[in-house]
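Shown below, as structure tokens, is a lone chain in the form predicted on its own; questions about how it binds or moves come after it.
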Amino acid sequence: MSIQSKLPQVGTTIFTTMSALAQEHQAVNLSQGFPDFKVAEALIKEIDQAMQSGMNQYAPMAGLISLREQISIKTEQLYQYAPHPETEITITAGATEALFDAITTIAHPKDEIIVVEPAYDSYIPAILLSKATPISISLKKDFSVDWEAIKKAINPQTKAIIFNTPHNPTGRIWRKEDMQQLEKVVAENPHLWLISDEVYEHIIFDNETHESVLKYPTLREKSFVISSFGKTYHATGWKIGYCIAPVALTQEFRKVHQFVTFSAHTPTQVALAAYLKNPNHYLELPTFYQERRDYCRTLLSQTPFELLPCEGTYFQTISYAHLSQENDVEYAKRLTREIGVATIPISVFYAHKTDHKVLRVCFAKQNQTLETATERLMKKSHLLAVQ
């Protein structure tokens, strides 16, 4: 028997490939975006206490109200807008589920959805599963937003724009000027919805401010805003995220959510509701990660790579265009095999595999991990340059 695939173009992800290659060659794995340091002991204790007290059955479909209330308080403090806990906030099993639910909520056959790329790899498959058409619009060469290209791509079939700031994989951020451009786009195209992937909202550097669409009334009334506790609290394996959206969008979003996961892990929700009461746990993240970014850049500056700007996320991009003309996938694989350092090639984040000779490095790692990787790169630096 055979089955007709709904995603025939999807195979093993580059993240799985590079992690397996790293394990095979005992390489330092800077490819996948996960921290290798411990989750806060206080948060672990909160989860343990929740489990021990019996909070182990289904949570409400929309999430524990205590957690949604704390999210509302946090959102108001950060973005001067308090979404209603009952009707505008939904807890999901990770941000990827929230993204899938948001896309599925609005996408229909013959719709077009603009994807600003390089883009997180779950966007396009979710669009295709809804039989809609992804329209990929690339960032400029410096990874700033090409607003003219976005405007030209919009037509009556365009249902939504999906974007991400701070941006994975490039580490760039959208600024106030970008949000003002987006306001103009929405004003000129009132049929558009927005899906704003803001999972790295707290990981932003150099005293910059995260420009959430929630700050802008004309944008938030058209938006699904996706966030992630896994990114914020160094616990990506817990898979707890949430979506903030206006009442009408939330109602439809929950119709999808309830048949995807129904509810997210109850003890973790209990713990997060308590942990959120101390805002320092997320307000201190920019300093925490900037120290790691700066240390990573200091180390990598000793290598032949060119360091590109990093304004947010826990990813540093590096260019090898002056060292080799190998395509980035093969270059990344060779570095893993021959040098023992695993990275992610940026071309995999493009629909048409655009290759700028750029790799992504995750610096959410212990200093020793970053030091070991750099030592290997320097020891075999002659292997970095192959024409």
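Since the structure is predicted, the reported quantities are computational estimates derived from the model, not experimental observations. We number the residues from 1 along the sequence you see.
Below, we turn to the form predicted together with a small molecule, even though it does not appear here.
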Listed residue that, although the small molecule is not shown, lies within 4.5 Å of it in the model of the complex (heavy atoms), from Tyr289, Tyr282, Trp193, Tyr120: Tyr120
Between the options Val199, Ala132, Ile162, Ile173, which residue brings a heavy atom to within 4.5 Å of the small molecule in the model of the complex? Val199
Has each of Lys333, Leu335 and Ala373 got a heavy atom lying within 4.5 angstroms of the small molecule in the model of the complex? no
Looking at 71-79, 162-170, 301-309, 101-109, which one sits within 4.5 Å of the small molecule in the model of the complex if you count heavy atoms only? 162-170
Contact of Pro83 with the small molecule in the model of the complex (heavy atom, 4.5 Å): no
Flag Ile127 as yes or no: does it have a non-hydrogen atom within 4.5 angstroms of any non-hydrogen atom of the small molecule in the model of the complex? no
Is Lys231 close enough to touch the small molecule in the model of the complex, meaning at least one heavy atom pair within 4.5 Å? yes
Using a 4.5 angstroms cut-off on non-hydrogen atoms, would Lys215 count as touching the small molecule in the model of the complex? no
